[in-house]
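Here we start with a single chain on its own, the form predicted alone, put down as structure tokens.
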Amino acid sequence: MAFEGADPGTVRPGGRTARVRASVLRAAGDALAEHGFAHLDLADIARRAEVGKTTVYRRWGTVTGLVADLLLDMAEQSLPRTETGSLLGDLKANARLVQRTLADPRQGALFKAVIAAATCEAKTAQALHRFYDIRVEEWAPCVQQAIDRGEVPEGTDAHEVIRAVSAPLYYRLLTGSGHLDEAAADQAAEAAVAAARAGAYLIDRSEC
């Protein structure tokens, strides 16, 4: 899954502490998108956010701590799932949100940077896993609703279906192969629904 909705820090109300957090997280996202994880620097982020370096170091401590908070903020602000009355409609809505996020120059670059960092930095990997767990949990009920309507077999793994929708879109983002457009999003949703209907995502009871 991806961050779907407003940019980090743009919709959170509150006092000075909330405003500082919003400014710093936006600056961190900009820096990630521009230069990648390896070149993140807390002092540079403080400068971008127009806050004191001491504030940034005291609150976040490390670059990985700041990125973890950025991912948490993105997950919290992501748009809620769409309910259309059909599994295909719901998953197309999900796929199009992911596609729009990844096709956005800033957000696409940001996710590339975080994913790259997660391959070699354990705390970043944990934060990224938590981000996707939150987003998958948000959308999994649409699969359960489809089970209840008889659209897909009882015992279908709802979480795996949601992951299957996003996977082809991330492949396109990370490899640069194929257009990352609405047609690709619809195709990913259609493939996931077809596989679910065929029983490809049934939970293996032998493992329970």
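The first residue of the shown sequence is 1; numbering continues from there. Quick caveat: nothing in here was measured; it's all calculated off a predicted structure.
Absent from the display: the form predicted together with a further copy of the same chain. The rest refers to it.
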{"property": "Touches a further copy of the same chain in the model of the complex: Ala194 (any heavy atom, 4.5 Å)", "result": "yes"}
{"property": "Exercise: Gly176 in contact with a further copy of the same chain in the model of the complex, heavy atom 4.5 Å", "result": "yes"}
{"property": "Heavy atom of Ala38 within 4.5 Å of a further copy of the same chain in the model of the complex", "result": "yes"}
{"property": "a further copy of the same chain contact at Leu128 in the model of the complex, heavy atom, 4.5 Å", "result": "yes"}
{"property": "Candidate stretches 22-30, 50-58, 177-185, 143-151, one within 4.5 Å of a further copy of the same chain in the model of the complex by heavy atom", "result": "177-185"}
{"property": "Triplet Lys112, Glu160 and Pro168 all within 4.5 Å of a further copy of the same chain in the model of the complex via a heavy atom", "result": "yes"}
{"property": "Option touching a further copy of the same chain, based on a heavy atom within 4.5 Å in the model of the complex, out of Ala116, Leu72, Ala103, Ile134", "result": "Ala116"}
